[in-house]
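Listed next as structure tokens is one chain, alone, in the form predicted on its own.
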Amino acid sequence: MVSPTPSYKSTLQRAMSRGQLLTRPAQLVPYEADGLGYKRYPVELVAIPADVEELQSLLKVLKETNAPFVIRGAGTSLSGGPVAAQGGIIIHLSKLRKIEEINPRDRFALVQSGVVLNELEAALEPHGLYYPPDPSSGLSCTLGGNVATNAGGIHCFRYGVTGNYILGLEAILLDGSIVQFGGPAGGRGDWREDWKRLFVGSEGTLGVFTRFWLRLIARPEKVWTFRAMYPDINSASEAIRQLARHPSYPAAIEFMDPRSIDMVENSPMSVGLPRNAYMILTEIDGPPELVDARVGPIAQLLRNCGSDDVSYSDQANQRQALWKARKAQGGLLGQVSPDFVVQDAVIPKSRLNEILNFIYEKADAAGIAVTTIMHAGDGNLHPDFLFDQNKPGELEKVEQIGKELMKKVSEIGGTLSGEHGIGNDKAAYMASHLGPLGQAIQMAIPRPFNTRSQLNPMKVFPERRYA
């Protein structure tokens, strides 16, 4: 672990006259992990700058310290992204929470990187505007983390992921200089360089995000939600394929396996779903006349694929009830298991049956409980491995399954992450997934911005160490 030179503590404090510098062990413990929880990394200091100006001053000082540093938002990452893998300093951007502008005429919002996703959604609603990316952690995750991992969410099948809505971004580079790429007009105007594409999904390795110009769209006038239960994976898979190519172009296509349903039904969040069934949730939205005309065909499609249990509604409370099991699943993981890993890979939809059987076979053989959900329209698979790291060998079993799963995903033409990012949880698989040329290109990109890997080291590639 690399530690800052002791004399720098007072220097950092002077650079942050209005912010906070956390140094006591009890203050630092919450910053040792992200949403993964079971992996912990000691941190020397946590700096919480009061505003962008103080953040800029802090970075100028930090560049000269003998320590790596990491940028952190809400810490909801599930990939080991905002943790101090080499020790050092964490910069927490929790005070950069201003929604600076909502422009209904030009349909953009200017927000700081610490804005919580659901707070933005609430602010946009009175204007009839909509920011579609909706990761499940929307109650607490921040825009900075969403951009860093190019987060997706339930409605990404139709509307796309975070990167599709970044018109521009402002960042502070390692030398303390502020740069802007794009802006309210996207890649046009005074800031026409489109380097923002490099920064979206860069996982904190190029610079520190401060502000974003977000593209907004009109809020859908009407939404219908459908829930269908299937007796086997083949019929559920066929429903996914049929929905994905239907002219109604669903906004969301979600999948839950029977093990996930059992977990929900065995909890206080039970909604009365049949056991031993696979669930498909899908939504269509748009102008009322158009979307209403598509309700019958979608319901019939779901039945034709083998479901004799299809429910649907356009009423908000009933739609929420249809979504309840899917929304509850993620929150239950921490209640039913001491530790868990939510994996994140993208597979061809035609290989769902094969991959699910692979996951079940490996987990059952190792004695590890597993449940699986999926942003099925995009092929974005989330198997959840439940374990107790205090039981000898369980952590090693989970890590071995993860390694074999990522190898299998690569072999069938998938990719290692759809929205959670690589972080340090999947960094070990990057070399074999990309090959020598791909790895060389990816390793070269951060060098002009982060020459010595001082900023967020050991993320994406384990070779990126700060010395």
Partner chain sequence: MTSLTSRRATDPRCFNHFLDPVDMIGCFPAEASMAEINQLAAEHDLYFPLACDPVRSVREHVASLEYAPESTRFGPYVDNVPGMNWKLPGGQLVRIGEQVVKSTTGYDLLRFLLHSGERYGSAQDYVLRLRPLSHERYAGIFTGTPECLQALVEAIVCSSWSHWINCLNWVVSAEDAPFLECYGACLTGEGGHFIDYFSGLAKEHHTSFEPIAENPICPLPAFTIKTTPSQALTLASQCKEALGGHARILSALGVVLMYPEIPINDKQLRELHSRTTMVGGHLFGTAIQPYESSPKETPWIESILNDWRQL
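Numbering follows the first chain given and starts at 1. Note that the structure is a prediction, hence the values are computed from the model and not measured.
There is also a form predicted in complex with its partner chain; it is not shown, and the following applies to it.
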>> Within 4.5 angstroms, counting heavy atoms, which one of the listed stretches 30 to 38, 406 to 414, 64 to 72, 44 to 52 is next to its partner chain in the predicted bound form?
In response: 406 to 414
> Do L434 and its partner chain share at least one heavy atom pair within 4.5 Å in the predicted bound form?
Replying inline: yes
> Is E221 close enough to its partner chain in the predicted bound form to count, meaning some heavy atom within 4.5 Å?
Replying inline: yes
> Closest heavy atom of G80 to its partner chain in the predicted bound form, within 4.5 Å or not?
Replying inline: no
> Is there a heavy atom of P446 lying 4.5 Å or less from a heavy atom of its partner chain in the predicted bound form?
Replying inline: yes
> Since exactly one of R303, R158, K397, R319 fits, which has a heavy atom within 4.5 Å of its partner chain in the predicted bound form?
Replying inline: R158
>> So its partner chain isn't shown here. In the predicted bound form, which residue out of Q315, S177, N357, N276 has a non-hydrogen atom within 4.5 Å of it?
In response: S177
> Check D106, E203 and L206: does every one of them have a heavy atom within 4.5 Å of its partner chain in the predicted bound form?
Replying inline: yes
> in the predicted bound form, which residues of 231 to 262 put a heavy atom within 4.5 Å of its partner chain?
Replying inline: R241, A244, R245, H246, P247, S248, Y249
